[in-house]
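Encoded as structure tokens, the following chain is the form predicted alone, with no partner shown.
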């Protein structure tokens, strides 16, 4: 690898953020760098990171679906179905909690250990196979160069900790903020939202529907369902998502992240609206339904590019 390529890969990271987004907080022990993000992108798409070489992170977090899984529930490397559908990881850099259920992880580095090492069910399944998987990477000169570019200060750069650090850096780089909604609200383009989407925005935040009470903030997401709104969410969590606490997912890119809910039980946004209308006891006229759907579509960005091969 030439010195020029090494310098480019090791250069400081430049955020490409939508106008409404400030740079996220980054752990001091895993600073962003171009070489690390590039390595993480390659690892994200690499099936050799799984126990049997069949499954990558991108197998469940599909770039074509805003890094969500189009299957009702995700499937691990050994063919075992998981209990949940893998949600979008776009904008994960700003989240304070990860996964569908409360798990205690407060950083991407912590959360990534779950799909890598889970045994029941197996996801990537590297537990007890770490040395074997690292040897696969070390045997390839292109991988050795990439790890050296990202972690060259370490005399032994190909480690599980560095795999996790690179994956976390890559996931943090998946930032949004370029939807029609963002162009309208933050970019000053008042033609970006059509009339239906603007009326849908008003419906979304109306007290009658109350969508914004759970799907709030810049990411249109929220905390755990059965703790956020005790008087309302207990009923909604039971009738819409099933018993237990589940994180309120982001509605950004929702038009391309079907199926919906933690177990993929709703195939379409229309089906989601039907379930919430039943649970919350509101009705939508055909016109209102079209307007609300137009607003949700306006939260979706241009197609995402696939992870590096």
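Positions refer to the first chain, counted from 1. Computed from a predicted model, the values in this text were never measured in an experiment.
We do not show the form predicted in complex with a small molecule, though everything after this point is about it.
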Q) With the small molecule left out of view, which of 273, 66, 32, 41 would have a heavy atom within 4.5 Å of it in the model of the complex? A) 273
Q) Can we say 20, 178 and 197 each have a non-hydrogen atom within 4.5 Å of the small molecule in the model of the complex? A) no
Q.
Although the partner isn't part of this model, could you tell me whether residue 48 comes within 4.5 Å of the small molecule in the model of the complex, counting any heavy atom of the residue?
A. no
Q. Do residue 60 and the small molecule share at least one heavy atom pair within 4.5 Å in the model of the complex?
A. yes
Q) Is there a non-hydrogen atom of residue 183 within 4.5 angstroms of a non-hydrogen atom of the small molecule in the model of the complex? A) no
Q.
Is it the case that residue 95, even though its partner is missing from this view, gets within 4.5 Å of the small molecule in the model of the complex, heavy atoms only?
A. yes
Q: Heavy atoms, 4.5 Å, the small molecule in the model of the complex: which of 153-161, 140-148, 105-113, 188-196 makes the cut? Say which one.
A: 105-113
